[in-house]
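For reference, the chain that follows is the form predicted alone, supplied as structure tokens.
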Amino acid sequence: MFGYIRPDMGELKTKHVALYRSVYCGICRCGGKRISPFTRFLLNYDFVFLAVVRLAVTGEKYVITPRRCGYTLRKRGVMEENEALLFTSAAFGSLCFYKALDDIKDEKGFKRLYTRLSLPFFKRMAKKAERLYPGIGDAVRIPLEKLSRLEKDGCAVPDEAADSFAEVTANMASFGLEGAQSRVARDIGYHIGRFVYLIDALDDMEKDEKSNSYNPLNLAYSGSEGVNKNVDFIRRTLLDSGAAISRSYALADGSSFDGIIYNIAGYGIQAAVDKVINKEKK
């Protein structure tokens, strides 16, 4: 499920690489213990960035402890459980469940069967998330239902469809926060969601065209050929999301995560866009 938002490791300082990996490993460990072991296998980079944003905006203190990974058997610094990691794990569990419900309605064949069989596991994840953070389910479900209606109606305005998914990530990024922290986190979360939705549509346009599946870019530009003709404009609007993330975060007080956030908003997002566009050109 997605995973487009990640840093350009080659442009990160060594200390920031270690810090980022500690967050990733911390969510893996926290989610596996508090939500479900399945979160370890399903975790993606988009939610690592969400945790980084929450840590940076709230200024929450964190502790990093050397631990041996049960999968790679390597010893590395792992961020100990804290509020940002626990919340991110819960938000991820809730999104997995409601995304699965949506997939059951939209998908066909084996993928639909697989999702239906997996639904009880996702449901338990969502229940644990709701017990930890009452209301997180509605924060995810309501905008996803709006998005589902738009997709069912064949919405041909990419930004309108992307806005609904962006509302999901905006709600998650700002959930439980107040004042300036809420405003900054919400704005960053919105642009994360907008970027992820649109780049995923770009990445899947040919596959969706062949399967006759909903894709807002294909509808807006009359198929993948039309999308390719307008790819420079699409590239600019995707990069605009990264610039918006940087502008929003600049309103925060700053933290030890500055280097990671600006790297992802700039180099990381540009690398993701170039990778998808180069794949389409090939």
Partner chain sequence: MKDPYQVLGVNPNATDDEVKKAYRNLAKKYHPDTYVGNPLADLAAEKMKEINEAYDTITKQRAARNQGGGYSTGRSGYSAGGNAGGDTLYRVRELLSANRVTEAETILSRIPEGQRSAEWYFLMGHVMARKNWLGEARKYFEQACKMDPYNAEYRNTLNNMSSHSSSSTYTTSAKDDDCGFCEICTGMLCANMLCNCCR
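This structure is a prediction, so every number in the text was calculated from the model and none was measured. Positions refer to the first chain, counted from 1.
Omitted from view is the form predicted in complex with its partner chain, to which the following refers.
With a 4.5 Å cutoff on heavy atoms, residue 233 counts as touching its partner chain in the model of the complex. By the criterion of a heavy atom within 4.5 Å, residue 42 is excluded from the residues contacting its partner chain in the model of the complex. Not displayed here, its partner chain is approached by residue 242 to within 4.5 Å at the level of heavy atoms in the model of the complex. For the chain shown alone, residue 69 is not a contact residue for its partner chain in the model of the complex, no non-hydrogen atom being within 4.5 angstroms. Contact with its partner chain in the model of the complex, defined as a heavy atom within 4.5 Å, is made by all three of 160, 163 and 180. Distance criterion of 4.5 Å from any heavy atom to its partner chain in the model of the complex singles out 237 from the list 228, 58, 237, 255. The contact residue chosen from 187, 209, 130, 81 relative to its partner chain in the model of the complex is 187, the criterion being a non-hydrogen atom within 4.5 angstroms. Partner contact region in the model of the complex: 190 to 198, out of 88 to 96, 190 to 198, 130 to 138, 73 to 81, criterion any non-hydrogen atom within 4.5 Å of its partner chain. Within 4.5 angstroms of its partner chain in the model of the complex, the stretch 251 to 277 places a non-hydrogen atom from each of 251, 253, 262, 265, 266, 267, 270, taken in sequence order.
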